[in-house]
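Next up: a single chain in structure tokens, the form predicted on its own.
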């Protein structure tokens, strides 16, 4: 199909007049029968890369999806746009599954969503040729890699499909993957000379902030109360924390529910459904609440605890602002969280797993404490350079931290590392070094004779927390290193030794403010409209969604509603020009919304 035909199909079905970056190239390759690896950020339009080809050619598109909720959500969205799609999973009765199989054999569906476990059941791969499969799309492809943050062993079997589907193109898609994970995906899925596409990891509509943790439950409640009418996710490490934070939010007048693996499946499903349908504003969740959340209007993601890795943090924050409208990402950080995380890591039975986890945690701590642009640091982790600094969308760029002459402090800290190593022939951890600097009296210090060192007690002008902060910044600057073994120790780097000898001045940064002074500038994704009308349109959308028992965003995304409230279409022709309005939605929903806009105009005219 030529470009004009693809654009016409895009507008007719999904209501958009142009492609997002890389979509057109990926779709063209898929239609040409090529294997494709596509890394597009959350909100970058991954699904369209296999959905449009499914409509542009005869036959069935098989979509491998890891979560039941994700399948149901995608199928509901497609059906609302007039696309014949279905899913097979464990929620269906035997009769429902048989009925869907009959429809598949009759060629009634263009897309079939299925979990890898179901797909690889004995005998199922052999049946695929009878279903006239034309392409296989593997969503959340990072699940195949042990280095991915959502490793799913059953994804490893998917390469076994190839002999059963000769000549059928495979497209692997993910929103988050380091170069190592990308290599795993291509290799383990046996992609054949794939065309590889990697979009920017940058999410310009998101703002990143780190706040010092101080009475964190109260901080979360206050933050959510200051953002009325917005929905979001609060990520916690423990089940107990999800329940206590949700309880405090409810006590503060916010509709909130916990979500964790200890709850009954029916309770978890109900919580997720209520969140998707805007019946509850906040979900306090462990990482069990993840890939199945395809809710585009999540306006904030708060991290009550320190994430285990930058990759996981990026994936979780990416659940904000999927619709392209502004989203806020806030992490409440305490060095005590790092200590807890290290204790959890020591419980892992596999030494290699421990090593990887320690390395990932150290990167996360450096990110949390860094005074550099958050966006630049995140993008650098994924091998991408960001040149637009200050980014205008993180705390360190919007409110740069106070800097001070840290020359003497750095000299004392690095000299103490050197003297301790020289005296004992072994390294010590951060806590012990800080105790030596501040002149603490401990059994270990007396036992090892560290109270006799020239650096003992020379740092009493700083508190222990201040020395910890100074030390971590010196690690980030590369002047010293922290090992990632079980007993983490500090050691001077060659750069640190050279700096000590050079006696060059050094500037360091003060710790983060507990209360930021962020005056948010206009961020990318803002759509200015009449907020009163937008609120009325949201109410109408919810009523229409309740009638159909689907989430409100299945009717229209917030982006479409904000454009509607800004343009205020009075005719079907004008309504059809809104982004996200295809033929089916124009027919089904234009009438009620045009009438609501007309009523609002009359009300406003009377008031004026």
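Please read all numbers here as calculations on a predicted model, not as lab measurements. Numbering follows the first chain given and starts at 1.
Omitted here: the form predicted together with a small molecule. The next part is about that form.
J.: Can you pick the stretch from 61 to 69, 47 to 55, 29 to 37, 563 to 571 whose heavy atoms fall within 4.5 Å of the small molecule in the predicted complex?
T.: Among the candidates, contact is made by 47 to 55.
J.: Give a yes/no on whether residue 20 approaches the small molecule to within 4.5 Å in the predicted complex, heavy atoms considered.
T.: Flag for residue 20 set to yes.
J.: Taking heavy atoms and a 4.5 Å cut-off, does residue 589 contact the small molecule in the predicted complex?
T.: No - in the predicted complex, heavy atoms of residue 589 and the small molecule never come within 4.5 Å of each other.
J.: Is residue 16 a contact residue for the small molecule in the predicted complex, using a 4.5 Å heavy atom cut-off?
T.: Yes, residue 16 sits close enough to the small molecule in the predicted complex that at least one of its heavy atoms falls within 4.5 Å.
J.: Taking the shortest heavy atom distance, is residue 322 within 4.5 Å of the small molecule in the predicted complex?
T.: Output for residue 322 is yes: heavy atoms within 4.5 Å of the small molecule.
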